Every structure is written in structure tokens, then in C-alpha cells.
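As C-alpha cells, one chain now follows by itself in the form predicted on its own.
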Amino acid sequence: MAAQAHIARPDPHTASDKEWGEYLFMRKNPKGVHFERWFHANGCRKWFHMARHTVSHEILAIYGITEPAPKLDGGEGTS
């Protein structure tokens, strides 16, 4: 299971329906480097982040769920 990583959750007390909808359903779908959040369902059952190229499927980095995104050439949203 994978989803876009490093997305800030809106405040549930002040977020509008539009903000919640964008948070839940609107995701980037780049052609190139993409940062994803993964869950190892059939193994250790832990969450982790992965930087993956969406065209070649090359895995560029795997890092802990609390770690910031690594700096990568061509990556969107690196921090």
C-alpha cells in the first residue's frame, strides 16, 4: 500500500469541507521522482517512506517515517 508522503493534515476543528476534500483526495501524480508513504503489510507491519521514479520504478531512497525527505535531483517537494 502506498500514498503520497509528507502531506500536512488540516486542523479538523477549522478546516472547511473543501480543505478536507483536497487533503483526502487530491494527490500529485508526477512523471519522475515521487515521495511515497508505504506500509509493509505482509512483513513487519511498519510504515516507511520511499522515493521512487514513477516511470522507471527505480527506488532512489528508503527512509524512516519521522525522517525528512532526502534531497534528490529532479524530486518534487523535497525538503
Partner chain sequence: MTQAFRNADGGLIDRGTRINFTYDGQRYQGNAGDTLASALLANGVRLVGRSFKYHRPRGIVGSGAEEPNALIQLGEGALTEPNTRATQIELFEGLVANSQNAWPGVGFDIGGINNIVSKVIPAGFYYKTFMWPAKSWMLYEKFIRGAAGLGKAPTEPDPDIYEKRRVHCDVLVVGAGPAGLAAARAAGASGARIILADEQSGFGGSLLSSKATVDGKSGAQWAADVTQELAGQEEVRLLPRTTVTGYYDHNFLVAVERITDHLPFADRKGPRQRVWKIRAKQVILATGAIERPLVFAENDRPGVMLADAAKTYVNRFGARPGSRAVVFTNNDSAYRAAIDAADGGIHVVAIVDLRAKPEGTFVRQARDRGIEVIANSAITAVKGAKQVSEVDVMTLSDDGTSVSGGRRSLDCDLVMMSGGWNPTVHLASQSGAKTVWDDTLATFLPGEPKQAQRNVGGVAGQFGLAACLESGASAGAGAALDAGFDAQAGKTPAIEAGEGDGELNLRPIWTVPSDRKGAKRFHDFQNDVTAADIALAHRENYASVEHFKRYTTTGMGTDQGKTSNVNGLAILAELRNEPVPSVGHTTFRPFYTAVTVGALAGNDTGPQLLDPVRKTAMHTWHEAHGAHFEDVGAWKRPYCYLREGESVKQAVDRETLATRTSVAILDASTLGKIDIQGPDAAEFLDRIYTNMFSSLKVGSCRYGFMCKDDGMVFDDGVTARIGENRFLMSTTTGGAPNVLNWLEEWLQTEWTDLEVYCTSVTTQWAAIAIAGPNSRRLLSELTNVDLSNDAFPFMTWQDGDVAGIPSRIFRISFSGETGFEVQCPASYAMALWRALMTAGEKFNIMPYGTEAMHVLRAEKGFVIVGQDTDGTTTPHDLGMSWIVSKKKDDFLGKRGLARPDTLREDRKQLVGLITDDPNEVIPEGAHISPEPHAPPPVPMEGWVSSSYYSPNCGRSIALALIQRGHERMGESVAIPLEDKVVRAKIVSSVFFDEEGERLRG
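These figures come from a predicted structure and were not determined experimentally. Positions refer to the first chain, counted from 1.
The next section is about a form of this same protein that is not shown, the form predicted together with its partner chain.
Using a 4.5 angstroms limit between non-hydrogen atoms, K71 is distant from its partner chain in the model of the complex. Although the partner is absent from this view, Y63 stays clear of its partner chain in the model of the complex, with no non-hydrogen atom inside 4.5 angstroms.
Contacts between stretch 34-70 and its partner chain, counted in the model of the complex as any heavy atom lying within 4.5 Å, involve R37, F39, R45, K46, W47, S56, H57, E58, I59, I65, T66, listed in sequence order.
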